[in-house]
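Quick heads-up: it's one chain on its own, the form predicted alone, in structure tokens.
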């Protein structure tokens, strides 16, 4: 991809991490972005928080569980900017807190539809464009939950493990097309899902991370690397950014 000017599409742009990524990439004057999220109000909030000095920004509401809607995001990038250099497939959902025998089929289906099929649909939508270009980077958001075992969170752990393996298989399949596919595995960082938790619960989570809880800003560097030519020899990797959670 060219570092002179590039086009990046981000799904799940309305969340805490998606907002941080949107601010980073949209704030680069040489980068044009297409931002999408299933929640129109969340997407609007992200756009309202973007820096004033930036490249061009397009937005589109999209449900990543519907391949046609993800294709529309990629199509908007091509229609508006003529290409797609990077797709960051960031949309995801947590699973209910419960042991496996207490979780419903709907709990499992929702997790797989968004976390796994959403990533699959991102690859399916981006690959035809990037194969034509003979270049591109796809970055999936996984989790250390896909590398470790979190009690009472089986759907989340299972789907994030699937995302890690998906990145590896896709990396092998599309390397000869000039497409790199990697994933980032965040540890726990402060976000909206922690609102309302008592301080002792937050402290217990932080204690499992040797460097303490991170923020979304602590994760941006990994995505920046994978979106750039600096990672031109990196594919099929799962980059762990977790404050040391998975180290013990």
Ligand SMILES: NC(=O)c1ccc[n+]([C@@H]2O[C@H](COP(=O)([O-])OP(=O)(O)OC[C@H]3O[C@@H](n4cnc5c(N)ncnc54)[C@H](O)[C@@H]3O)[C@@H](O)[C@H]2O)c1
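Residue numbers count along the first chain shown, from 1. Just so we're clear, the structure is a prediction, and the values are computed from it rather than from any experiment.
Below: the form predicted in complex with the named molecule, not depicted.
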TODO: Just one of 121-129, 106-114, 77-85, 167-175 has residues with a heavy atom within 4.5 Å of the named molecule in the predicted bound form, so point it out.
DONE: 106-114
Open item on the list: Please determine whether residue 16 contacts the named molecule in the predicted bound form, using a 4.5 Å cut-off between heavy atoms.
Closed with: yes
Open item on the list: I'd like to check something about residue 217: if you look in the predicted bound form, is any of its heavy atoms closer than or equal to 4.5 Å to a heavy atom of the named molecule?
Closed with: no
TODO: Flag residue 37 as yes or no: does it have a non-hydrogen atom within 4.5 angstroms of any non-hydrogen atom of the named molecule in the predicted bound form?
DONE: yes
Task: is_contact(residue 93, the named molecule) in the predicted bound form, heavy atom dist at most 4.5 Å - done: yes
Task: Within 4.5 Å of the named molecule in the predicted bound form: residues from 185-209 (heavy atom criterion) - done: 186, 187, 188, 189, 191, 192, 193, 194
